[in-house]
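Next comes just one chain, in structure tokens: the form predicted alone.
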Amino acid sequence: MATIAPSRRVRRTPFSDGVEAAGVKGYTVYNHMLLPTVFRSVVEDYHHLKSEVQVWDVACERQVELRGPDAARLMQMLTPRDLRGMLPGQCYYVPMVDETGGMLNDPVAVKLAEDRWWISIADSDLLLWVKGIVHGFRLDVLVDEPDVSPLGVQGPKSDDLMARVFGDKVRDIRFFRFGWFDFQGRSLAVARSGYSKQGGFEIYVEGSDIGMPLWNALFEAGKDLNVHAGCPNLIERIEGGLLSYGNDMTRDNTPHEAGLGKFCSTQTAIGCVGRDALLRVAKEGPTQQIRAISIDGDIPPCDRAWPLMAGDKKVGQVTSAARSPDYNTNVAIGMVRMTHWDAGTRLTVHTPDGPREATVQPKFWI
């Protein structure tokens, strides 16, 4: 397979030296940065993630920082989730939409203070949209990308590893909360969050210079815990129904279509630029929605959308799929029309290797 040519447009991360030393075998490009995709194999990485602990270079989850008197107002303009009750120290999953209600990103908002926020973004140039809103509405807020690179620690043994580096107090962090912890004289935000269902943390590494010292400290502390370098795992994320922006949903989809309606408080999220459009969607309901799907037989890698058919009629598409060793089936994420989204509905998915029988599932696997 062709390699990715390095350039300033495809940036390395503060942890790239460690990733390469750990034997990374594949990358993708995410927010103009390198994101590892596999180390030993997708299946070996999958089993290890579910039983041990991994350190993930997710520096590609770039931060859009909002700082200034209008920071909170700007945050509410970006998302239909009601942020009025959010306190400093909390993290919220926040779908972000344009004026039509279309998804622009599905980041995690980190509230550092009333006048300072980080938006930990998925793969889209959200910074440019936010700057446009600030300019158009003449808001008193500075918008920038700070030198902050998240490092993930994921897996069942993540609490033990983190406690060895940051102290036992790190175990007290509640889900989607964060606290400040010292590392080599630097105060870092550590959140209980991450792009897996196995539990873990994300360390917001502020300052590229301590990237490798922290990476090395985690591996040194975790030798007897069988710590490995890892990355978001395709199989595990599909089992858990963790959506990938740009793959499973795009700007053509509303949060309700992506199954994120519970994060849309359209009646009270006054100020959100897409609120009027989403009020109509909430009232009428989506005509298509994300569903868990199992697929029979052998399937190739899913690097494009596969048509989902009911006879000769297209009723949706499969956007992510992989073989699950634990569930002994091909697990998939698909967008399905309401006429065919009921659990148990049998459909046909057209893969590059030919048609395969598929079944709409009542829920995701984990």
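The model shown is predicted, which means the values in this text are computed figures rather than measured ones. Each residue number is its position in the shown sequence, starting from 1.
The protein also exists as the form predicted in complex with (6S)-5,6,7,8-tetrahydrofolate; that form is not presented, and the subsequent description refers to it.
- Proximity to (6S)-5,6,7,8-tetrahydrofolate in the predicted complex, defined as a heavy atom within 4.5 Å, holds among F219, W129, F176, F137 only for F176.
- When (6S)-5,6,7,8-tetrahydrofolate is considered in the predicted complex, only one residue from Y30, W341, Y27, F39 comes within 4.5 Å through any heavy atom, namely Y30.
- Using a 4.5 Å cutoff between non-hydrogen atoms, Y195 counts as a contact of (6S)-5,6,7,8-tetrahydrofolate in the predicted complex.
- When (6S)-5,6,7,8-tetrahydrofolate is considered in the predicted complex, I121 lines it closely, a heavy atom lying within 4.5 Å.
- For D45, no non-hydrogen atom is located within 4.5 Å of (6S)-5,6,7,8-tetrahydrofolate in the predicted complex, even though that partner is not displayed.
- Contact annotation: L214 falls outside 4.5 Å of (6S)-5,6,7,8-tetrahydrofolate in the predicted complex, judged by heavy atom distances.
- In plain terms, the part of the chain that comes close to (6S)-5,6,7,8-tetrahydrofolate in the predicted complex, with a heavy atom within 4.5 Å, is 201-209 out of 201-209, 177-185, 282-290, 155-163.
- Contacts between 239-276 and (6S)-5,6,7,8-tetrahydrofolate, taken as any heavy atom within 4.5 Å in the predicted complex, involve L242, L243, F263.
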